[in-house]
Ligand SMILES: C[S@@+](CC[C@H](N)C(=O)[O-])C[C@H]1O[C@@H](n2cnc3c(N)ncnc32)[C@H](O)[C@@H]1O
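One chain is shown next in structure tokens, namely the form predicted alone.
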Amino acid sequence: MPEKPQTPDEKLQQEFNRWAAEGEGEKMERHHLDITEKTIRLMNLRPGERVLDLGCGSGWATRLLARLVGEGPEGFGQVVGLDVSDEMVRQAREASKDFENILYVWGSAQQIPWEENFFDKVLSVESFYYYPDQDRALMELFRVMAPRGKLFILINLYNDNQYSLQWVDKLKVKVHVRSAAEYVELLQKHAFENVEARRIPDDTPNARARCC
């Protein structure tokens, strides 16, 4: 019998499991740490908040978040890292054993395995353009975010950044390529309010040579 075709999520899982095996999780930290730290400062995180790291990879950003939402007057903050790659999740768990307020979950952005109205803040670092159904992912994010929750999507691969477009054909999985204005319109379509696109300067040496 012919093999059953892979679903888009299964293709992503296979590719990012390969990345995990090749140590790409650590490389992503080196590549994206500067802009991620700047974005996290914009999040204005407080102890006790509940945060989702969507597309967490090896968990390096999850750990940054967890340090900022630890125990405080509002309780013990929690960070959930979600990734479609079970191997990335395994590596993240292994590297985060000293954290009591992190939980890693293997799953899809298009069917987030979590309850409604839960997360105060959501961060997604260089993963949103990989999601096969971005509309479905935003519906799921809207479902799991608390009222007045805030969503921060960090994207380097987009139409306005012409240099980044060289990566579209080099990647082994399909990606969405939109403009900043199109992303704003997409989020507004899904009832997100006060949507804005902001450029985060990357002061990492040779930043233009990297993507994804």
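Computed from a predicted model, the values in this text were never measured in an experiment. Numbers for residues come from their place in the sequence shown, where the first is 1.
As for the form predicted together with this ligand, it is not shown, yet the points below apply to it.
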Close approach of Met28 to this ligand in the predicted bound form, 4.5 Å, heavy atom | yes
In the predicted bound form, Gln78 touching this ligand (heavy atom, 4.5 Å) = no
With the partner left out of view, is Leu65 within 4.5 angstroms of this ligand in the predicted bound form by any non-hydrogen atom?
-> no
Taking 4.5 angstroms as the cut-off for heavy atoms, does Leu52 touch this ligand in the predicted bound form?
-> no
This ligand in the predicted bound form has a heavy atom of only one listed residue within 4.5 Å, and of Ile102, Val122, Val84, Leu138 that residue is Val84
Among 39 to 47, 160 to 168, 56 to 64, 177 to 185, which stretch sits within 4.5 Å of this ligand in the predicted bound form, heavy atoms only?
-> 56 to 64
Going by heavy atoms, what in 121 to 156 lies within 4.5 angstroms of this ligand in the predicted bound form?
-> Val125, Glu126, Ser127, Tyr130, Tyr131, Pro132
